[in-house]
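Just one chain follows, in the form predicted on its own, and it is written as structure tokens.
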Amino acid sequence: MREDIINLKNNAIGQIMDTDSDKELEELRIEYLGRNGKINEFLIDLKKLKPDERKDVGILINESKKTIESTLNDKIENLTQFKVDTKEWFDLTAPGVKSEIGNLHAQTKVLTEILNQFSYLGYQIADGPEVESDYYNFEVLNFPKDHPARDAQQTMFFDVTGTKFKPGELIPRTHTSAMQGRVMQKMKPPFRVVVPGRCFRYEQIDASHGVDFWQVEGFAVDKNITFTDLLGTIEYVLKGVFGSDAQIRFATTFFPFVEPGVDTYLKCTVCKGKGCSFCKKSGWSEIMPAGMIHPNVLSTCKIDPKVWRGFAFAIGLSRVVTLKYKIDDLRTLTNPDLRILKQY
């Protein structure tokens, strides 16, 4: 039966490609794909096969059916596209209108490049809600309600008057780190995950800060993960994006959800380290805070910190894009002027 199915598919494709008639195409559709068509005859004959053969033959029949359908639809579309009304005169020598050719946004390009780097390292890509609960945005990440580090997040809040939510319970997420708890509660370690997405904070808008910005959160949990694994991952990814000559340095920092915490700085590509408004005259730009996942976070997500360890990082995607293309103002990325966007 396998050989008969393959021959049927090849014959159908050949007949479809050889005809330019709408009527003949419809006849071929009925002949092969209709209720009493040849494909259905094979499906009826499936019950005659042994149980261990039915699955493979069934898959072959379905694949052949999809191939015939696809070929038929492509042929119909092709005929429709190039069909010319002979009653209306058309000047084939008339010059055409040049179409505008679009291009990917600079941020889309860099995001794809970063995700490809992590895919090569075995990371899965996850997505999460931009409207988040206080529980996942803060409490799961070791931010109790009275923790002073919450002030640094510059959180915005929704007006929940007249809804079932309590004030402060629902917020625009301040970081994609909010997905850590959601993933850890559903997946069993070991795992490696990256989460790209938009974040929102009540920031003072300037050349390197915005109310609406993008991050790429990443975290890995396994039994033998060390701090040097984190530093090696950061260096690998950043040098993959900026080139092997990229200058990186680390500094200790504090975040409630990591211990120890580290901040990653890249030598400013806009001023080449001389100091400018983008890097606040320091010559270096903060782009990737990170650290070892705090045991409290693991425990909250029902992961035993005595058995499992992990690291987490948050790439400031918007800043990486500006540094990649040497843009001196973050607001350029959201400027709708095509004359600007086409440069990247």
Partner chain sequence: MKAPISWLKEYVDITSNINDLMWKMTEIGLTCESYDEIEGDKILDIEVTPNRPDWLSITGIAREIAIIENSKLTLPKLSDIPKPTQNLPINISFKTNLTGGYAGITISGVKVGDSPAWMQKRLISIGLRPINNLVDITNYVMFELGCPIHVFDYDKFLSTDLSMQLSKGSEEFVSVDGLKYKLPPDTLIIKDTNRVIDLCGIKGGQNTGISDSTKNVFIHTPIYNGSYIRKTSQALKLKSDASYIYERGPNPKIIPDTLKRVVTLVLELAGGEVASKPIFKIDKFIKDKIISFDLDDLNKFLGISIQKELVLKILEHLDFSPKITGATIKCIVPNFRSDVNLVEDIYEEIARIYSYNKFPRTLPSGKMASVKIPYFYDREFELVLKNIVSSAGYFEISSGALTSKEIIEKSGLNPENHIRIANPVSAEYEFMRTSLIPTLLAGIKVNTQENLKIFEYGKVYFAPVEKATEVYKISSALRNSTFENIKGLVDLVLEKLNIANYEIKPFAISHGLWHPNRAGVIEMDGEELGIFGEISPMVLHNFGIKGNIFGFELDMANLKKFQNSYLFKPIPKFPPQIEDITLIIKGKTEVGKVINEIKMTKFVDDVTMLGTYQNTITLRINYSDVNKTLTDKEVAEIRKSILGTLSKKFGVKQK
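Positions refer to the first chain, counted from 1. For clarity, every value in this text was computed on a predicted model and none was experimentally measured.
Below: the form predicted together with its partner chain, not depicted.
The three residues I101, Q107 and P190 all sit with a heavy atom within 4.5 Å of its partner chain in the predicted complex. When its partner chain is considered in the predicted complex, G273 lies well away from it, no heavy atom lying within 4.5 Å. Heavy atoms of L111 reach within 4.5 Å of its partner chain in the predicted complex, making it an interface residue. Residue contact with its partner chain in the predicted complex: T253 places a heavy atom within 4.5 Å of it. Contact annotation: K342 falls within 4.5 Å of its partner chain in the predicted complex, judged by heavy atom distances. For the candidate set T269, T233, T174, Q215, a heavy atom within 4.5 Å of its partner chain in the predicted complex is found for exactly one residue, namely T233.
Residues F311, L333, T334 are the ones in 310 to 335 with at least one heavy atom within 4.5 Å of its partner chain in the predicted complex, listed in sequence order.
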